[in-house]
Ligand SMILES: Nc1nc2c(ncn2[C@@H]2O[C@H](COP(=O)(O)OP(=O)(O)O)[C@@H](O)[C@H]2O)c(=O)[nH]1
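One chain follows as structure tokens, the form predicted on its own.
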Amino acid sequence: MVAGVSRKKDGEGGTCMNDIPVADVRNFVLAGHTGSGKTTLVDAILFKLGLNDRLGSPASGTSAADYTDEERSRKITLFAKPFTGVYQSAAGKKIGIVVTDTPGYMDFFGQVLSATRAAETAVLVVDAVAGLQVGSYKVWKCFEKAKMPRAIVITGIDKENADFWKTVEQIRGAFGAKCAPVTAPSDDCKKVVDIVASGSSLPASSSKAREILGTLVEIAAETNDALIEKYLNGEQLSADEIAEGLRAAVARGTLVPIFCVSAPKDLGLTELLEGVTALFPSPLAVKKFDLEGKDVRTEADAPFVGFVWRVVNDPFIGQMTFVRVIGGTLTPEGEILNASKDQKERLSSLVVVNGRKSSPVERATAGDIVAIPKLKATSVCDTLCALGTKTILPRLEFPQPVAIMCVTAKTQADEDKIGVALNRVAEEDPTLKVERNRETKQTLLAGLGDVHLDVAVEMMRNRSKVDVTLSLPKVAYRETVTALGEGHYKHKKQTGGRGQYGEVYLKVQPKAKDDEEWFEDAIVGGAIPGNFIPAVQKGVLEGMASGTVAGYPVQDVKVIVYDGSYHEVDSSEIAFKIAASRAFRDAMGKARPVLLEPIMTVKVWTPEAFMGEINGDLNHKRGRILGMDTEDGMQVITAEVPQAELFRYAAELRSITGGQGSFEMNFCRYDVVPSNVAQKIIAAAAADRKKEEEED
């Protein structure tokens, strides 16, 4: 392990990890659009560090990074995974490397968000042919929000039609002049040049590299008063001074270094790792803050603080909790405090996980990522700290689900286990939501896209041995009234003993937005005694639970009880409750009732080429376009669309845009369903009721 973490013996990772100071640790996360070459780059780094004895490939199913069954079958990264190794720099210094691979598929963007909290430096991976894509902008926005030091790696520089400098221009145009190459390919793309190290020895043909070198020297000089004075006096900065200044600029965010590689050919990898060593900040150089905005000490002798960024439910080991150590020292003995839940947790061991391989470690300090097995109360986003202290780190804000499906067990045996299986996948991924809808009596599984939900189902099958079926959920419709209606019901029943008697007259009308009360007691002269009014109100509420249009709950109505009668002996609360419920249904039927449906505010990001098709599709879905804008190089369409039209929109948008579009949605309001659509909904509701009656 790195940063003060040592193995008891040589591990399966291939290298004996000796103690490495926190100052010599480099912890970074790779993220980008799907297909940009992240996992191929990770596999090449793992091979370079000796963590794998062969160069793996995601396409051939031999990747050391994409090793789960779900990833190998789909040939894409689905889960964020950390890898820890040691790199011996050109200067002979051992540097601890912690690199985390993340999914590029936007259905799994929650994994990217989690991984950013486990790293110091965020690295955007961009393909030299495709350039910046929708995922690139989304990831960059995530990095900016986290205020992380950043870098960029351009992959595939030797591909046909690849143009490194054109991609650099696109990046600088999108993200600013602070993005500057520190390595560049030769004209024939057979080697990679370190622009700073080469200095004056850069070939004459490398005019762009020479120009960039001047920019880099200027950026380095601006980080230090002594350097800027030396630079302004026309004196030459030494290579060490430039490196020191650039490292400070990266930590401050005034420089985003750009590297270039062809990972499968080991082209530019050494220069990248040297750049990571020289330019990326250590855990000591990046300030961490708690929930109150106070600094968290990162030194090894500080009180232990760690952030839980991922949880994995292993079918053999049980729950594995991945903790990024923020400060202090963590050892596998004794107890720690889950500060988020104010509960103690007992430690049994610490493990470094490198793909399928894992090794126990004796201690961990800032920058390390370790897995702790079998914690009982800990979940994603919790803060762990030393007993006697209580530091709580800010929680992550995950995106809201955009894909919702009904999940049902295939067999009775699956039915008995489905609850546990659903909870397990939801524990691992906070962007998956499980909910039991009381209105529709369905179990709903919600996520960031259809592929996201499909993978969750596959995980349930592989890890919990539970087979389920996904289907479109029912819409939680509502009913309301559009006019005034009066209702009356007399409940009179004589059974030989004490009878039941209650009579209610009431009015139902649309409720004004500024009217705080939905129920009004307008009884005069004691027509209904005051002690029975609460029963009348309960009866109305029961009537509102199932409207007269299609049996859906009623909302936004004003109910006025204005008359009735009672019997001194036979009147009771139950009698008035029944009378009020029936009177409400009578009144509602006369008040021109209508069906309401949930309307969602939808925000769609898309390249300009697909604008016309998306607008047409939204109109076809009964959507109302509210506006169009430009954001992060993408066109943004904002619209209001009925929820019933959006259950398959994740897959439909991907089909329209070739995977380049994305969207988010939030509940807006309930609105009246058009009559032609309402007729189908009413007919379907009647058929469902008939089916339920037959089954009963």
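Start at 1 with the first residue shown and count on from there. Because the structure is predicted, anything quoted here is derived from the model rather than measured.
The discussion below concerns the form predicted in complex with the ligand, not included here.
Enquirer: In the predicted bound form, do 82, 324 and 354 all reach within 4.5 Å of the ligand through at least one heavy atom apiece?
Expert: No, the candidate spot makes no contact with the ligand.
Enquirer: Heavy atom within 4.5 Å of the ligand in the predicted bound form: which of 220, 466, 261, 587 fits that? Just give me the one.
Expert: After the contact test, the surviving option is 261.
Enquirer: Considering the ligand in the predicted bound form, which of 155, 100, 136, 121 comes within 4.5 Å of it through any heavy atom?
Expert: Residue within 4.5 Å of the partner: 155.
Enquirer: Can residue 33 be called a contact residue for the ligand in the predicted bound form at 4.5 Å between heavy atoms?
Expert: Residue 33 belongs to the contact set for the ligand.
Enquirer: Is there a heavy atom of residue 26 no more than 4.5 Å from a heavy atom of the ligand in the predicted bound form?
Expert: The answer is no: residue 26 has no heavy atom within 4.5 Å of the ligand.
Enquirer: Taking heavy atoms and a 4.5 Å cut-off, does residue 40 contact the ligand in the predicted bound form?
Expert: Yes, residue 40 is a contact residue.
Enquirer: Spell out, yes or no, whether the shortest heavy atom distance between residue 567 and the ligand in the predicted bound form is within 4.5 Å.
Expert: Taking the distances in the predicted bound form, the answer for residue 567 is no, it never comes within 4.5 Å of the ligand.
Enquirer: Tell me the stretch among 57 to 65, 658 to 666, 623 to 631, 636 to 644 that has any heavy atom within 4.5 angstroms of the ligand in the predicted bound form.
Expert: Heavy-atom contact with the partner occurs in 57 to 65.
Enquirer: Using a 4.5 Å cut-off on any heavy atom, which residues of 68 to 90 would contact the ligand in the predicted bound form?
Expert: Residue within 4.5 Å: 77, and no other.
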